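Below sits a lone chain in structure tokens, taken as the form predicted alone.
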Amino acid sequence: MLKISELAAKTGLTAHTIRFYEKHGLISASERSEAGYRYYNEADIRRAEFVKTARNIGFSLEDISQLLSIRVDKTSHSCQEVTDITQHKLDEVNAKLEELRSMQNTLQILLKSCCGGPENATHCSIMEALEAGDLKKTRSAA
């Protein structure tokens, strides 16, 4: 049995993160001492590592909760359920990447439009574009 600090050291999570996951029902201590100390067994360690891995690849707390439900009772769930959760996450990541590429293009256009010289910013093209709010035109031109 491990205390929360030992679980943190073993999994690379902080005690604060472990408490956060407990609050959201993703991890729980197998036992508590009379003094209120949390104690974790091997199954708890594996569960914490599962949550950490899923979180590190971007799954939301809700996604992880669903995946944990499947993990506990694999025979009552299908691979399709896991695939659907994973596909949804991939779709979100792809949308975010598209948004980031658009932002990158806009920033590159803004940088190309400005001389970047030592003079004051009274007529800075980047400031003018930001003030005019016409960045959507800049993005669509990218």
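Superpose the two forms; the largest set of C-alphas matching within 1.5 Å is the rigid core. Residue numbers here begin at 1 and follow the sequence given. It should be emphasised that the depicted structure is a prediction, and the values quoted were computed from it without experimental measurement.
Absent from the display: the form predicted together with another copy of the chain. The rest refers to it.
Q: How about A54: is it within 4.5 Å of another copy of the chain in the predicted bound form, going by heavy atoms?
A: Yes, A54 sits close enough to another copy of the chain in the predicted bound form that at least one of its heavy atoms falls within 4.5 Å.
Q: Decide whether R32 counts as a contact residue for another copy of the chain in the predicted bound form under a heavy atom distance cut-off of 4.5 Å.
A: No - in the predicted bound form, heavy atoms of R32 and another copy of the chain never come within 4.5 Å of each other.
Q: Within 4.5 Å, heavy atoms only: does T106 come near another copy of the chain in the predicted bound form?
A: Yes, T106 is a contact residue.
Q: Quick one: does A15 come within 4.5 Å of another copy of the chain in the predicted bound form, counting heavy atoms only?
A: Residue-level check for A15: no, no contact with another copy of the chain.
Q: Check each residue of 99-117 against another copy of the chain in the predicted bound form and list those with a heavy atom within 4.5 Å, in sequence order.
A: Going through 99-117 in order - heavy atoms within 4.5 Å of another copy of the chain in the predicted bound form - the hits are L100, R101, M103, Q104, T106, L107, Q108, L110, L111, C114, C115, G116, G117.
Q: After a core superposition, would you say H24 shifts its C-alpha by at least 2 Å between the shown form and the other one?
A: Stays below the 2 Å threshold, so no.
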